[in-house]
Structure formats: C-alpha cells, structure tokens
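So this one's two forms of a single chain, laid out as structure tokens and tagged structure 1 and structure 2.
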Structure 1
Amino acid sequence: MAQYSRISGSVGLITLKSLPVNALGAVVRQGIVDSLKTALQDPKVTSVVICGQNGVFCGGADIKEFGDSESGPPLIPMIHAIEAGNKPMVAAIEGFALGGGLELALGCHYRIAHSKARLGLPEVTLGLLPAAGGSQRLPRLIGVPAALDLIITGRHVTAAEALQLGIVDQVTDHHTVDAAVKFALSVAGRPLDARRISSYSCPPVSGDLDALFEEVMRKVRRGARGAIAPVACVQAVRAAATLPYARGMERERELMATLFTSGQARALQYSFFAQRAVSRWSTPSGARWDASAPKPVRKVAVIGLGTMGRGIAVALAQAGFPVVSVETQEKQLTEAKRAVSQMLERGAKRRGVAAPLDKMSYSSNIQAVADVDLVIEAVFEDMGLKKKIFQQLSAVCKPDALLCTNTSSLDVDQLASQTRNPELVVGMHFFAPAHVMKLLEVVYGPRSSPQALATAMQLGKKMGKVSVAVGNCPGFVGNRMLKAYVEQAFFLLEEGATPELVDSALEEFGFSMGFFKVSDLSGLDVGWKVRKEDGLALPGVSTGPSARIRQGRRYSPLGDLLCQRGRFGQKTGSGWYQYGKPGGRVATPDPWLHSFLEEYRAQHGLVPRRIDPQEVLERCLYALINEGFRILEDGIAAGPEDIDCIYVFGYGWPHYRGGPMFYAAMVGLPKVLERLEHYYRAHPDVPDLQPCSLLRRLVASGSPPVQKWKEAIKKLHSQL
C-alpha cells in the first residue's frame, strides 16, 4: 500500500509500504495513484514528497507479478502522471532506489538521497531492460556514456556518485524525509517545465554519436557471449539519443516485449528466485536446518595461507571478522602477510573504504587458534595432512568451536572422525579466488549437527556468498558433476576433436572459457594429482587395452600423458595450447598437440571422425546434467535450484541459461533422455551416459517444470 498524509502544513507525503523493499506491486501502485490524486486536488498542498517506510525507498517492480498485466494501474502512466503534476514532486531516497524504484524517482522533479543510499537500474541482470522510462530518462539526465555504463552493467552507485553524475540533487547525512520536506517547501511554486526529464534532449557527446554506439555495441556483444539483454539496453539508449521521447518510449516498449518473452529472461528470473530458495532448505520430512539458531561467531581462524587460504582470510576480514591466520612455513607466512595486505588494500580502494588490516593477525603456531569460535582449514588437498590438522584442532580449540574444511572433494566424515565432537565438523568449499567468487558449498556430513550447518550457512551469508547446503560424497555436487563433463571432453579429443573445437563450442554456448583453456589456467597437474590418488593415472601404461580402461570403464590418459611431458598449462608455457613462455596468458593452437593427438589415435587404433559442435555440447552438457539427476536421486542436493546456483556462481555456467538443470527443462527432458540414450548406445563403456532413472521417471510423468521436480524426489532418501 501507499499511505498519504499532509505534514508541515503544505507538503503531501506519500509513503510506500510493502515490506521488505517497498516493491511496486499492484496495491502499492494503486496507493500511489490515489495519493497523488489527493495531493494534487488539495489546495493546501504546494509540494509532494515520496518516500518509503523502514529506511528503504523502493526496490523496484514486484518480480512475482511479472506477466500479470491485469493487476493494478500500469507503472508507466503512473510515473508520467507524477512528472506531469503541477506541484513539485520530491523523491526522498533512503536505503536504495533500484529498477522501477529509480524510474519512479526519475519521474519526480527533484531527488534527495541519504549518503548511504544506493541507486541503480539492474534489470539487465534479470534479462530485461529498464522499461518504465529508465532507458529514456537517464540518458537525458546524465548523458549517454554514463547512462550506458549503468544500464548495460546493472551496477549500483553510491549517493555520492549519483550526485556527481547528476542523478540526485542533494545528499544528506540527516533524516532524509525531513531534508526532502524542507527542500520541497523551498521549491514550492517554482516553474516545473525545466524539471521534467522527458522534455530534455540528451547532452551532446564528444565525437561521432554513431561511432560511439558502434564501439559500445562491439564491446557488449563480445562481453555478453550470447546474452541478448545487454544488446537491447544499448539499442534502447540509442533510441533516447536519436528519437523524441515519445518514440523512444515506443522503442523501449518494443525491445522489452522481445526480452520479456525470451527464454533468457525466464532463466535469469528463475536464477533470482533460486538464490533465495537455496537459503531455505528443508529435509524431505519437513524438518528445517535453518530453524536451528546459528552459533555466534565473533572470531575466526584460517589454517594454511596458500592461494585459497589467503582468499578466505581476505573474505572474512572484509566481512568484519577478526581473523587469526596460521601458516607453519615461515617463508610462506611472510609472503602471505604481504599478499593479504595488498588484497585488502586493493579491495578497500575499489569500495572506497578503509582497508580492514586491523582485523588480521598471523601466527606460525596452531596454538594461536585456541580462543576462536570457528576454524577453516585450507591446507593442500591431502587427506593424511588434513586428518593430522583436525586432530590438532580438536585438542587445541574450544570444545564448542566449529571445525570446517575447505576440501573440494574429500570425505568430510573421515575428518570429523578425528575430532572429539564430530557434530561440529562441516565442509566449507570455497572457490578460487575465494574473496571474489560468490559460491560456497557447505558440506553436511552424516554426523554434522543442524546448528553447525546453520552456522556455516550464516557465516557464508555474512561474507556475501551464495551458500548452498550439500551432502557428503566424493566431489560433493559441483566437482562430482564436473567429472562427467571433463571425461566427455577428453573422449571427444580421442575421437577426432581438437581443444579449439571443444572450447569454441562451449564458449559459443556462453562459458567465458572452454574446458581446455580453464585446465591450462588452473594447471593440468592439479587434476593429475587427484587422478593419481584415485588410482587412475598409472605410470608406464601407454599401450594395449589397459591404457584406456580404469576400474572397469573407459578412461582417457591424455591429460596424464601431457603432464608426464611437463606440460602443465600456462605456468609452464604449454598444455592443451601454447603460450609462448611460462606464465603466458594468450592461448594459441599448438601444432605439436595436434600431431600428438594423431599419433595417440594411431597408436590405439582410433579412427578420427568429424566432430560437430552440437555433439560437443550434447556430450559434455548432457553428461553433466545426467550426473545432476543422480545427485538429486541420491539426496546430495535438496533440489534443482541448488545445483543450478552452484553451477552459475561457481563454475561459469552462463547466467542467462539458468543453470544445467533449468537448461535441461528448457531443452526438454524427452530430448535430453533421447540424446543420452543415443550416445550411450554408441559408447556403452561410458556409464555417465546411461540415463538416470530419475530423468526417466520425470519424462514418464510428463516432464513437469523444474519447480515441480521436488515433488518427484521428495520420498527419496536424503543425505542432508
């Protein structure tokens, strides 16, 4: 709703009231329309202030009402009515003005913002564009280049930057509504024609306007990797710069209509809700882990200051936690101190705040963690080493301290068995770089308590992570699924593909980097070590049937053979590609690698064939998706939303495709099933291609939408 009152004698106050973010739902819009009519008809009212309750102006449109055109007064005519009003309209912006909230404020004649407020037009992140006049008013107000930056990226700006850009007229550190009322009284009776943004022309740009838009469009198309919303945003702003306002609004509406019905918009909106769903996980019986209050965490420790440990320590300090960082090797400790300080200072500079260097303390002695509430172990991925550390932590830490491991695939229960209180052990699987990547897999072992899980999930939230609770199994969710994807990429090389073909197909799909480029970036030796520990990478086996069979199934030793030749990727200057020198970044096709693949195929009697990019996508992605169905069947993930969040935020899955499970639903489960059956018949020695029984069950039940899959698995046993 929107509440109307008259204050200070002559100021009409319209207060948006719709918790938690005062979204512009049908009831709120109706309240604004009614309040506006009252204010304009009241002869005692000389000006109007629009604000929001509870320190928040407006979070924008109500996404739950998308597609419900019959509900309430439309937003655009409402904003036009505000702008056309014959009394000064002042927006009092506290908290944030986002999307439709900022468009509402741009319809007002003046804007007053609190110094801590944030403003933005983030519609592009939902596969849309600001279609309530935002793409037309903002360029007219602040100029084309600045408007393009905000609309294409969807980024939020501080009140200070908004003032500098000219979005707001005044910034205050005091009570915003009081400042807005005072301002409204001061402008009462002033002419308003010059304050109606829709009447403006865009400020002229330096240089050629067509050249500017062509260059921006080139950059957007290159960076969007198939996303259509950023392209439409450029087209909408171009309309503002080249057309009268009314025709620009028509173009905005046309572009929005195309976006609104697109699969990309549905995927991005699904992802929006999926992020919220993963934080409200419950067991199939209905018991909720988050009903258990998290333990208070006031001080945290990180064990091991390699790349991951440093990133975790930085993320914790940036979230405001005092951090004790332990590294037993003095040289590594000295290097880590310098690196962590630099990371904190760079991050603080980007955010315009002071670096939290005072939050960090360092030690080479594990006894330094004796008084912390939670420990995150981040040493090298070695079970023996991790077990030893958990034994030490159990002896040193407070009895009620949570002991967490950053393992990416090891058995959390084995580590818990080394402690006095195994119920206080959980996995916290961060993704590199840990202070940047948003995903956190919280691994709940069979003996982990609900309170321990709740505490880890809450800590992740405070660190700004998308925290997803997953069950304990080799690889958990993300890496378990990735294994099937990686195997198919290797097999495709054996059958006739090149790294460039595989990577280009995956990049065309929307990944920022294909698998083989990612492998070179992270280091081929990382996967090699894991395969050796799993008994897969065997020395001296290069010919005969056993060279391509491990543990009763097809295996490709290609990655192992490259590592045996010292080709570890970028760090050595060569891997699946060549880089010119160790540490090089530019991947170029490697003739040696092509010859190596030809020799390998000849040695093993493999006849190369032409591989189509579509086969690359189907083999890699459908194998990964099939493992996702097995994970749901095993109860390792609570629902498809969990898997999709993990892949979007941790593994580079293109946001506008929603995640692997949503993508499967969009493609059509019958098609996914049919193609998996086709490839399994062709490769019966690859179990990952055998369709999962849950997939078959869903297809047999009519392929329900992804949001209904939980009903099909709710009776299955959950590991969580």
Structure 2
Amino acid sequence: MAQYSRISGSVGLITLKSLPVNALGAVVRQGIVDSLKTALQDPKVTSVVICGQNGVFCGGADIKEFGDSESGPPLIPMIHAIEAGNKPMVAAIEGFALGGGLELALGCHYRIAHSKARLGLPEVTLGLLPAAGGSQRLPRLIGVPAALDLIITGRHVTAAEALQLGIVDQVTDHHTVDAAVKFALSVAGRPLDARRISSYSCPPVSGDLDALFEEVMRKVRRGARGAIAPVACVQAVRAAATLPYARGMERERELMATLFTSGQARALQYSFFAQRAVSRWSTPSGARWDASAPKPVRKVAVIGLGTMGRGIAVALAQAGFPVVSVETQEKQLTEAKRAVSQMLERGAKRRGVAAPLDKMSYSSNIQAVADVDLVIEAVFEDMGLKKKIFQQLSAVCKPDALLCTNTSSLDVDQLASQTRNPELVVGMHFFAPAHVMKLLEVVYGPRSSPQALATAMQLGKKMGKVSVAVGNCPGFVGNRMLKAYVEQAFFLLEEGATPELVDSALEEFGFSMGFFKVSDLSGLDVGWKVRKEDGLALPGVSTGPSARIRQGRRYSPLGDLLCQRGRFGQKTGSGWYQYGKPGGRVATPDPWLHSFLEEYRAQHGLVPRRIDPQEVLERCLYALINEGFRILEDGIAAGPEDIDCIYVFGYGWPHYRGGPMFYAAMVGLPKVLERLEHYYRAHPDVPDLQPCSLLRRLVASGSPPVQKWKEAIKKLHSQL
C-alpha cells in the first residue's frame, strides 16, 4: 500500500509501504494513485514528497507479480500523472531506487538522495528493459552514453555518482525525508515545465550518433552471447535518441513485449529467486538456516598461498576481515605477499576505496593462527598433506575454531577425523579466481554441526558470494556433474566429432568457451592427475577392448594419450587446439589432432559418423542434468535452485538459461527422459546415460514446474 499524510502545513507525503523493498505491486500502485489525487486536489498542499518506509525507497516492479494477470492501475500512466502534476513532486531516496523505483523517481520533478543510497535500472539482469519510461527519460536527463552504460549493465550507482551524472538534485547525510520536505517547501509554486524530463530532448552526443549505436550494438552482441535483453536495451535507448517521447515509449513497450514472455526472462527471474532460496539452506538430517545461529567470526586465517589461497585471502580482506596468511615455503610467501598486495590495490582502485593492506598479516609458522575464529586450508590437492595440516590445526587452534578446507573433490569427513572436534569441520570450495568468482560450495560432512555450516554460509554471504550448502561426496555437486559432461565430450570425439564441433555447439548454446577450449586453458595435466589418482589414467598405450574400459564401464583414454605426448594445452602451446607457442591464447584447429583422432579410431575399431550439434548438446547437457537428478535423489543438494546457482555462478552456465535443472524443465522432462533412454540404448556401457529414477518419477508425476520440485522430491522420498 501507499499512505498519504499532509505535513509541515503544505507538503503532501506519500509513503510506499510494502515489505521488504516497497515493490510497486498492484496495491502499492493503487495507493500511489489515490494519494496523488488527494495531494493534487488538496488546496493546502503546495508540493509533494514521495518516500518509502523502513529506509528504503523502492526495489522496482514486483517481480513476484510478473506471472500474474495484470491488476491495479498501470505503472506508466501513474508515472505520467506524477510528472504532469501541477505541484512539485520530490522523491526522497533512501536505501535504493531500482528499476521501476528509479523510473518513479524520474517521473518526479526533483530527486533527493541519502549519501548511502544506490540507484539503477537493473532490468537487464532479469531479462527485461526499463519499461516504465526509464529507457526514454534517463537518456534525456543524463545523455545517451551514460544512460546506455547504466541500462545495458544494470549496475547500481552510488548517490555521489548519481549526483555527478545529474540523476539526483541533492545528496544528504541526514534524514532524507526531512531534507526532501525542506526542499519541497523551497520549490513550491515554481514553474515545472522545465522539470518534466519527458519533454527534454536527448543532449547531443559528440561524434556521429549512428556510429555510436553501431559500435555499442557490436560490443553488446559480442558480449551477450545470445542474451536478447541487452540488445533490446540498446534499441530502446536508440529510440529515445531518435524519436519523439511518445513514439519512443511505444518502441519501449514493443521491445518489452518481446522480452517479458521470453524464456530468457523467466530463466533470469527464476535465477533471481534461486539465489535467495539457496541462502535458506537445509540438510537431510533436518538442520535448517533459521534454526542454526552462526558463530561470530572476527579474525580468519588462510593456510597455503598458492593461486587459490591468495584469492581467498584477498576476498576475506576485501570483506573487512583481518587475515593471517600462512605459507611455509619462504619463497612462495614472499611472492604471495607481493601478489596479494597488488590484487588488493587493483580491487580498491576499481571500487574507488582504500586498499585494505592493513588487514593482512603473513607468517611461515602455523602457530600464527592460534587466536583466529576460522581457518581456510588451501594447500595442494593432496589428501596426505591436507590430513597433516588438519592435525596441526587441531592442535594449534582455539578449541571452538572452525576448520575449513578448500578441497575441490577430497573427502571432507576424512579431514574431520584428523581433528579433536570433527563437528567444526566443513568444506569451503571456492572457484578460481577466488576473489572474483561468485560461487562458494559449502560442504557439510556427516559430523559437521549445523552451527559450523551456518557460520561458513554467513561468511560466504559477507564475502559477497552465492553460497550453496551441499553434502559431502566425491566432487560434491559441481565437479560430480561435470564428470558426466566431460565423459560425453570425449566419447563424441571417439565417435566422429572434432573439438571444434563440440565447442561450437556449446558456445552457440551460450557458454563463453566450449569444453575443449576450457580444458586447454586450465591445463590438460590437471584432469590427468585426478584421473591417475582415481586409477583411470594408466601408463603407456594399450589397445584392444580393455583399453577403453575402466571399472567395468566405458572410458576414453584420449585425454591421457595427449598428456603422455606433453600436450597440456595453452601452457605447452598445444592440446586439443594449436596455440602457436607455449602460453598462446588463440585456439586454432590442429590438423595433427584430427589425424591423431582418425588413427585412434582405426586402432580401436571405431567407425566415425556424422554428429550434429544437437546431439552434442543433448549428450553433454542431459548427462550432466541426469547426474543432477542423482544428486537430488541422494539429498546432496536440497533442490534444483542449489544446482542451478552452482552452475550459473561457478561453471559458466549461460545465466539466461537459468541453470541445468531449470533448462531441463524448459525443454520438458519427458523429452529429456526420452533422449537419455535413446542414447542409453545406443551406449549401454555408459551408466551416466541411464535415466535417473527420480527423473522417471517426476515425469510419472506429471513433470511439475521446477519451483515445485523440492516438495515433489520430499513427497517422493517419503513414499520410499
């Protein structure tokens, strides 16, 4: 709702009231329309202030209402009525004014913001565009280039930047509504024509307007990789720069109509709520987010300052924690100090703040962590070494200190068994670069306490991570599903595909890089080492049927054979592609590899066949999704939202496709099941293609929408 009152004698005050972010749902819009009418008709009122309750102006249109049929007064005429009003309208912006919230403020004649407020038009992050006049008013107010930047990126600006851009008229450190009322009293009776932004023309741009838009559109299309909203945003701003306001608004409405019902918008809105849902974690043992109070964490430590350790230390310091960094190798310690300082300075420069160098302390002695509240171990991925570290930490640290490991696949519970308090051990699996990647897999073992899990989840949130709670199993969620995807990519090469074909199909789907290019970037030797440890990669070259069987299932030694030839990817100048020289970055198809594949197939009696991109997608993605269903069945992940956040924020799954499980729901579970059955019949020696029973049961129960899977899975589990 929206509440109306008259204050200071002659100021009408309209207060948006809709917890938690005063979103412009139907009831709020009706309240605004009614309040506006009252204010404009009240002869005692000479100016009006619009504000929000609870120190928040407005989080925009109510995303929860998007699926519903239109009800309540429409947003655009409401904002037009505010702008056309014959009394000064002043927006008092506290907390944030985002999307429709900023558009509401742009309809006002003046905007006063608190210094801590954030403003923006983030609709593009929801697969939409500013559709309540924002794409037409903002360019007229701040110019085309600045408006394009805010609308294409969806980034939030601080009040200081908003003042500098000309979005707001005043910034205050004091009570914003009081400042707005004082301002409203000062402008009462002033002419308003010059304050109605829709009547403005866009300020002229330096240089050719068409050239500017072509250049921006070229960059946007390249960066969007198939996302449609950023392209529509450019088209909408172009309308503002080239058409009269009314025609521009028509164009904005047309473009929004194409986006609103698109699968991409639904995927991005699903992802918006999924990110919030994963913070409400639960475990099969009944532990829950709202029943487990996190322990206070004031001081933290990182053990091992390799690439991951450095990134984790930087992310912790940037989040404001004093960090004790321990590296026993003196040379590595010196290098790490330099690297961490540089990363902190670069990050601070980008954010226009001071570098938190004072948060960092370094030592080569593990005793230095005796007084910290939480330790993150990030040493080399070797179980023996990690066990030794956990024994040492258990002896040195405070009895109630949390001991966390950044392992990406090793058994967290085995490490817990090295300590006095296994209930205080959890996994905190970061993704490289750890100070950039948003994902954090928080891994709980059978003995991890709910409080330990709650503490790690809260620390992740404070570090600005999308933290997802997952059960302890080989590869946890992300890497466990990736194994099925990687295997299919290898098998497709055996059956006739080339790395280029597989990668272009995946890049066409929206991945920034296909599997084989990613493998060359991260180094083929990384996977080889894991396969050797798992007893899969055997020395020498073997022929005959056993060469392609491991542990009773089909196996492709192709990656091992390349590593045996020293082809580790970019770092050696060749891998699945040619890079010209060690460290080269540009992947070019490699004739040697094509003939190597032909020889390999001939050697193993494999007859190559034509493989189309659709089969590449179905084999790689459905095998990954199928493993996702097994993970849900095992209770390792609580719901599809958890898996989808992991893949969108940690594995480069195209955000506008929502995530693997959302994608499966979009394709249709019966189709996914039918295709998996088809491929499993063709490849009975590949268990990963055998449809998971949970998938079968969801199809049998009518393929409920993905938002309903969690409860459907609970019900199915209870029937077992």
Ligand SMILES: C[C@H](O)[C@H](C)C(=O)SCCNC(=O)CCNC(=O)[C@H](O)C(C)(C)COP(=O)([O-])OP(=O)([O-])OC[C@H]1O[C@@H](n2cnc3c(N)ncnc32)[C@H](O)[C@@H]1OP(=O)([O-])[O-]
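Just so you know, these numbers come straight off a predicted model, no measurement behind them. Structure 1 provides the reference sequence; residues are numbered from 1 along it. In this text, rigid core is short for the largest set of C-alphas that superpose within 1.5 Å between two forms.
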Do you think the form predicted on its own is shown as structure 1, or as structure 2? 1
Is residue 454 in the same rigid part as residue 680 between the two structures? yes
Smaller rigid segment rotation relative to the larger between the two structures [°]: 7
Relative to the superposed core, what is the Cα shift for residue 184 between the two structures, in Å? 2.7
